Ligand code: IP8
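Given as structure tokens, the chain that follows is alone and in the form predicted on its own.
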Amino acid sequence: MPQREPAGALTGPFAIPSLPIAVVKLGGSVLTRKRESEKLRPKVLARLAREVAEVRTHRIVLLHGAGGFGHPGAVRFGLSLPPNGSASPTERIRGAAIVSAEVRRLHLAVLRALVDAGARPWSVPMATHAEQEEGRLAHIDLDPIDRALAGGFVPVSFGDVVPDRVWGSSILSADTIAVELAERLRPDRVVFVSDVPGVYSPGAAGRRHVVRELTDEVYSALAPAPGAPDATGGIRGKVAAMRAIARRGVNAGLISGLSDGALSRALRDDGSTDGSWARAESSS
């Protein structure tokens, strides 16, 4: 199969240098206090926006989760599950509208922080570019992200409520978008920014340590995390997405956004100093 031209490798008045691409996903857990409804971490967001704005080695595609702005409503209205008899179709539609509005409040805060930091964000909401079927991605149009990159912008998208051919609407995770971008853009890395320093060793008694290399065996040993509301699979879902990205030949790392400079290091270095990484596998 012929290789696709890299996004942004265009000619004309808006052509920009063809720097490598990095996809950065800011998790809802680091941007918000996930156990509290619509509670932003403004200082953390401002610092992470500065770290993104200061990147000179890559073109950035930025994704973010919903955190306390979207997950509680998604769980309350069952938007990551098939419709059931306990809720009417009207109630599900109403819930989808509420969650969509809440997530956009966070999205506007992210855009404003990036502008204040000197970046050039360009909003790309996937609700108008994606469709699911029974909670699984059926179609996604990433051309708007290509065009934003080619124009010198930082495309910014987010986990959202999207149309669903069977359920009416369902949750499209930003992690799923990251996997699709790894396939489409062939970035040299995807960095997941969370509120933990990495993936902790599964099943260990007592003091746990961060697993540096994320393998299929590590994923298999992880159990679904109880506790905080999460409509997108928690840390196990994150590792599944990272392994899928690695199988596409792209390095994927999970780092802490609460550690000053960790994101900058992950974009500047090979990712060996912070976090947990699923290493790119050769696609033969």
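Quick note: we count residues from 1 along the sequence shown, nothing fancier. Note that the coordinates shown come from a computational prediction; the quantities given were computed from them, not determined experimentally.
Not pictured, yet referred to below: the form predicted in complex with this ligand.
Proximity to this ligand in the model of the complex, defined as a heavy atom within 4.5 Å, holds among V103, V199, I145, V193 only for V103.
Within this chain, L214 is remote from the site of this ligand in the model of the complex, having no heavy atom within 4.5 Å. Within this chain, V52 is remote from the site of this ligand in the model of the complex, having no heavy atom within 4.5 Å. Using a 4.5 Å cutoff between non-hydrogen atoms, V161 counts as a contact of this ligand in the model of the complex. With a 4.5 Å cutoff on heavy atoms, A66 counts as touching this ligand in the model of the complex. Partner contact region in the model of the complex: 171-179, out of 148-156, 171-179, 130-138, 114-122, criterion any non-hydrogen atom within 4.5 Å of this ligand.
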